[in-house]
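Take a look at this single chain, the form predicted on its own, given in structure tokens.
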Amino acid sequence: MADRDVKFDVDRIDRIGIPEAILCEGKSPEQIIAGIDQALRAASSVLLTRLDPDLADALSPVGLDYDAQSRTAIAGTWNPPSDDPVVAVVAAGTSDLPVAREAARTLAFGGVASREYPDVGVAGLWRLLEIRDELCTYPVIIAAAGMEGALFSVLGGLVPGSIVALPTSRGYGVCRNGEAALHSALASCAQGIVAVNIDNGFGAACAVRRILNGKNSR
């Protein structure tokens, strides 16, 4: 019955250069296993997102490469990229790391090497300035920030690379579960910043892959 609930898009990689992943939130273990089975018939591995630890335990017989912090898992055979990192994943605070790491794991699954720069938010601006020259070497940067989301504009005024703003739901009160950070990204006066939805580390990584695919196809 679960197999009839799932129709994995095995041709997506051929259409857009990015494979479908399995969003585990709201699915039963049986439905997730059905999706994994369909995916592995067509490819050697598949990415799972929003996989909470309890659900990961229920799927343990499948054999997953599971990362609890990012709530991501990989089923099947894969090798992390060994090339020099071409993407920087910058997190304003330590509490933003789960979302930032979802982006980093999604990039790694897609064969894109990245480097994480945690806890460099603008409340201690010196932390960001210390790594500015290094960040300037990356063609693409994912910036994850909650609270007021000031990191997006500050970073946009310091580095030349493409910036994908990744608002997080970290914060309280008027932060409104990430809405303030999202509005900050959308209203930024730093030219050319693009934004994804709140806590969408997977989507940020896919946006970066589209950017890199476009550069590589020229």
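For every residue, the number given is its place in the sequence shown, counted from 1. On a predicted model such as this, the values are computed, not experimentally measured, just so you know.
There is another form of this protein, the form predicted in complex with another copy of the chain, and it is not shown here; the text below is about that form.
By the criterion of a heavy atom within 4.5 Å, residue 86 is counted among the residues contacting another copy of the chain in the predicted bound form. In the predicted bound form, at least one heavy atom of residue 31 sits within 4.5 Å of a heavy atom of another copy of the chain. For residue 191, a non-hydrogen atom is located within 4.5 Å of another copy of the chain in the predicted bound form, even though that partner is not displayed.
Contact annotation for residue 62: none of its heavy atoms lies within 4.5 Å of another copy of the chain in the predicted bound form.
Shown here without another copy of the chain, the chain has 172, 173, 174, 175, 176, 179, 180, 182, 183, 184, 186, 187, 188, 189, 190 in 168-190 lying with a heavy atom within 4.5 Å of that partner in the predicted bound form.
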